[in-house]
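The chain below stands alone and is given in structure tokens; this is the form predicted on its own.
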């Protein structure tokens, strides 16, 4: 094995790459278990790709055969039921990991400079994941799948001038049918591999600026420890807990998050009483319905997803640690999380009576939180400095200033040395 590794190292820097990016990668020693969910999302992505490949071997992307092929997988393929339930449960698990990962980033302010690109690549991953999930939802060809695709694709008709043509282009026909199913299956199979490439870009951005930590300050080298074995053990524990919970839902509650109507073959002549998307789309679906105008609702739904990309510029406070040392931001964060849950509840029920007003109020608070953040962050910072920052925050700020000064001095020394070297070369 040593000879093999040596042979590879002469032709490809395998050992150097493993040491630099994996085993000896410097990691802040104070990371909590909230930092586990990024790696958990990567593991779920691998699970989804593997189970998806096996499902594609037996699935028929034809309108007349799609529903029966899913039943064939469930009833006649060896362990087909297990692969199918692993895939359907894994979709929910993937979104749950991503949402928790995003919530941790928002809570600790990990989107701040110099991590803006890392945050934006994460936003791109979320959009790709949403597109993949939406296209995969049509594939069982059940009642909820069919009518959900019919409603969502029709929303693109609100685009000025190009709306009708865009809807036909998405569906491949005037209505959701065989052409829609074929192209959705193709893209649902393809995009996960694009997501893998986007994950690599996300990790490169992460390793370029190093991982954030609960303090909000880039720690000095002496406060970092190698990723292996310290954090590999920590991640293994998180993975063990995840698989215990994941296995429970796969084996005992696989249909908990699947609509019963989706076990009825798609029927274009019979509309379900209440069309409901998957749970991870419910808050955005509630925002869509809260706006009386169709165009305004579509715009609001799109902005509700994209607005997170503006967080590095909306949050103007220089207090480190995110919500950890900022009481007003912490309150706003918890209220925002509650608001998202309320939107999810509203989206899961028919828009009737009090739920209409509740959905509109929750939508107003959703966007109001982002609009208020620039003013709140500056006012909160001024208030905290006037009141007197905690000793821990003062120490963190002083540490950051010292690190910035050291980096400035090192740059000046390098510039001075390079100037002297070039001068000596000229004299020679």
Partner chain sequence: MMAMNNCARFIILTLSAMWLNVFFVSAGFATTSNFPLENIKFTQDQASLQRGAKIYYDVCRLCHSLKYIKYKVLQEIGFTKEQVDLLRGDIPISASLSKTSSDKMLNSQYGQVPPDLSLMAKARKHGPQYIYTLLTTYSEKEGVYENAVFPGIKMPDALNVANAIDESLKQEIKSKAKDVTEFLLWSSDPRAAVRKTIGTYVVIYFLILSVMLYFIMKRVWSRLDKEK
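Every value quoted in this text rests on a predicted model; they were computed, and no experiment measured them. Residue numbers count along the first chain shown, from 1.
This protein has a second form, the form predicted together with its partner chain, left out of what is shown; the following refers to that one.
Undergrad: Of the listed stretches (26-34, 379-387, 48-56, 365-373), which one has a non-hydrogen atom within 4.5 Å of its partner chain in the predicted complex?
TA: It is the stretch 26-34.
Undergrad: Can any non-hydrogen atom of residue 233 be found within 4.5 angstroms of its partner chain in the predicted complex?
TA: Yes.
Undergrad: Would residue 330 sit within 4.5 Å of its partner chain in the predicted complex, counting heavy atoms only?
TA: The answer is no: residue 330 has no heavy atom within 4.5 Å of its partner chain.
Undergrad: Using a 4.5 angstroms cut-off on non-hydrogen atoms, would residue 200 count as touching its partner chain in the predicted complex?
TA: No - in the predicted complex, heavy atoms of residue 200 and its partner chain never come within 4.5 Å of each other.
Undergrad: Look up in the predicted complex whether residue 252 has a non-hydrogen atom within 4.5 angstroms of its partner chain, and give yes or no.
TA: Yes, residue 252 sits close enough to its partner chain in the predicted complex that at least one of its heavy atoms falls within 4.5 Å.
Undergrad: If the cut-off is 4.5 angstroms on heavy atoms, which of these, 241, 127, 310, 204, is the one near its partner chain in the predicted complex?
TA: None of the others qualify; the residue that does is 241.
Undergrad: Identify which of 186, 271, 175, 247 has a heavy atom within 4.5 Å of its partner chain in the predicted complex; exactly one of them does.
TA: Among 186, 271, 175, 247, a heavy atom within 4.5 Å of its partner chain in the predicted complex occurs only for 247.
Undergrad: Do any residues of 118-134 have a non-hydrogen atom within 4.5 angstroms of its partner chain in the predicted complex? If so, which ones, in sequence order?
TA: Contacting residues: none.
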